[in-house]
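As a starting point, one isolated chain is supplied in structure tokens, in the form predicted on its own.
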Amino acid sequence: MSEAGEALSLGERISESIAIKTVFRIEALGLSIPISDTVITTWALMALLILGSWLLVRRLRMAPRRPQLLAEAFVGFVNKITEEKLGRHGRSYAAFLGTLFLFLIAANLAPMLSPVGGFGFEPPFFIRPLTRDINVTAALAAAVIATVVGSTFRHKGLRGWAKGLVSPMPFMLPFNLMEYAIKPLSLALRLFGNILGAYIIMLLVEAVMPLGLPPIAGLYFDLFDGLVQAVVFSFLSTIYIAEAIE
């Protein structure tokens, strides 16, 4: 095969891997609703997180064992961070921000559970990064900005919200309004771009050197980068909420 043919084949494989595929459709009320692979992965991750949470709390003990200790440590960590950033209102948002963080970790790190092929073995399935789909990151960003707007009205009321739009000077009105579009857009694109970029790099690494290098590179592009993006998204969401209730 020529170099051009190999490059074309590699490009086709990458395009195939990052494409969002429709698995089936739901026909209802005259509508045909496509269900993509990212939707199915989202359902699976939600089910696993709910099941895991139920298993951890169904038999709580005064003398906790290791799983309960880990769960209590995570809850304590989230409560501490939210109280530091949001003050006395921190506990009200701890559940939302903690769930968001857990979901992002699961979404970003799930591809590491994919079976590895080689030596003629074809894995029965692949788990692709959920947040490589801009629709997923946009939905998460929309949930965050909806929480920000709701928090503003809850703690400041309509008058306080209107006053904030012209703060510190009236000419800031258009810029303050633009923030309601810029914040979710930046959240969605940052997460989408970093995860998709890391995923494409890993595909190139696996194509160039399928043995030896992918596990080493995966420690950064899959594990470290996935954790960092989950932290950044959750931290920025916390900051945006803090600004809304300040």
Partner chain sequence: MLDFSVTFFITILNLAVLYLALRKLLWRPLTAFLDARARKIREDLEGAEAARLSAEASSDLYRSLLEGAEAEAEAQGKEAEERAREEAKAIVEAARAEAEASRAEARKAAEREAAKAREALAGELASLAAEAAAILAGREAEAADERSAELLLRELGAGRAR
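Numbering follows the first chain given and starts at 1. These numbers were taken from a predicted model, which means no experiment stands behind them.
The same protein also exists as the form predicted in complex with its partner chain; that form is not shown, yet it is the one meant from here on.
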For its partner chain in the predicted bound form, the stretch among 43-51, 173-181, 217-225, 201-209 with residues bearing a heavy atom within 4.5 Å is 43-51
Given that its partner chain is not shown alongside this chain, does residue 98 nevertheless sit within 4.5 Å of it in the predicted bound form, heavy atom to heavy atom? yes
message = How about residue 60 - does it come within 4.5 Å of its partner chain in the predicted bound form, if we only consider non-hydrogen atoms?
response = yes
inquiry  = Quick check on residue 33: any heavy atom within 4.5 Å of its partner chain in the predicted bound form?
reply    = yes
**Report entry** 4.5 Å heavy atom contact, residue 68 to its partner chain in the predicted bound form
**Finding:** yes
Among 86, 110, 148, 94, just one has a heavy atom within 4.5 Å of its partner chain in the predicted bound form, namely 94
The one option of 139, 165, 81, 105 with any heavy atom within 4.5 Å of its partner chain in the predicted bound form is 139
Contact check, 179-196 vs its partner chain in the predicted bound form, heavy atom within 4.5 Å, ordered by sequence, gives 192, 196
